[in-house]
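A lone chain, given as structure tokens: the form predicted on its own.
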Amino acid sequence: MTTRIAIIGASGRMGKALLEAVTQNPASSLGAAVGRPGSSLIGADAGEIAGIGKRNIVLLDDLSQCMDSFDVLIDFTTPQTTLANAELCAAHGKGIVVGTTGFSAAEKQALLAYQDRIPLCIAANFSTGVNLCLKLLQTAAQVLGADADIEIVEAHHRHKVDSPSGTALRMGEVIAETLNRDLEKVAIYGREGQIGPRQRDSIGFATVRGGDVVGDHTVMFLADGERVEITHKASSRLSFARGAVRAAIWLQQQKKGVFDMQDVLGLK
């Protein structure tokens, strides 16, 4: 069975990668493509926008115009847009893959409320490699966490608007959960001036923004006499896009509930 996938933000950088990934996977097909309202590209062929050849799917400016054309929606946009799209999907019984980051606590709860009606796959990062790293971080935290200082460094392109990245925060959450720490209490997001000695339980975050960096993440476990670093570097958005398409295909088999990429990959 082929999964018909709709892409939101199809004319953007990530949207174009998603369009390409959908056409590369034999288990998926492009059902609909939606762009930003008012865009000059509305009405153009989605495949030609992405540079993958004509697909006979025109770029629309309203998701509600194509609810019968897809099985699962992939959304890498903004929290407000994602919440509006999730409401539409819930009303029509459509699954949704969410790669959007930067949700407030209230927005995240509003999104999770739909899990009783439709299946949702929510992940800060859909890369297979990143999700393998999350599994490795659990092991590293179990073995090293009590004796090591933990720091997370991430770098992204100049256009990224949230900081730290959703992936870096998820890495911190995984480590904190493994060590029975409350990330909200132990996270340090910046250091300046006379801050005093480092607290052992703290988890530090450092952010770099510049150029066209797709996404680099390094977690350091720094002990006396040695350190362990777990690093993932993305060189193409296709790694995220292929993972999101894989998640959409998997999600079509689920009736309702909330899942993440660890579920899709069988890592739980």
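Each residue number is its position in the shown sequence, starting from 1. No experiment lies behind these values; they were computed from the predicted model shown.
This protein has a second form, the form predicted together with a small molecule, left out of what is shown; the following refers to that one.
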Exercise. If you check in the predicted bound form, do Met14, Pro37 and Thr101 all have a non-hydrogen atom within 4.5 Å of the small molecule?
Worked result: yes
For this session: Could you work out which of Leu111, Ile150, Ala141, Ala124 is the residue within 4.5 angstroms of the small molecule in the predicted bound form, going by heavy atoms?
Result: Ala124
For this session: Scan Thr178, Thr81, Ser163, Thr128 and let me know which has any heavy atom within 4.5 Å of the small molecule in the predicted bound form.
Result: Thr81
Exercise. Looking at the partner-bound form in the predicted bound form, is Phe70 within 4.5 Å of the small molecule by any heavy atom?
Worked result: no
For this session: Indicate whether the small molecule has at least one heavy atom within 4.5 Å of a heavy atom of Phe240 in the predicted bound form.
Result: yes
For this session: Would you check, heavy atoms only and a 4.5 Å threshold, whether Ile8 touches the small molecule in the predicted bound form?
Result: yes
Exercise. Which of 111 to 119, 72 to 80, 192 to 200, 169 to 177 has heavy atoms within 4.5 Å of the small molecule in the predicted bound form?
Worked result: 72 to 80
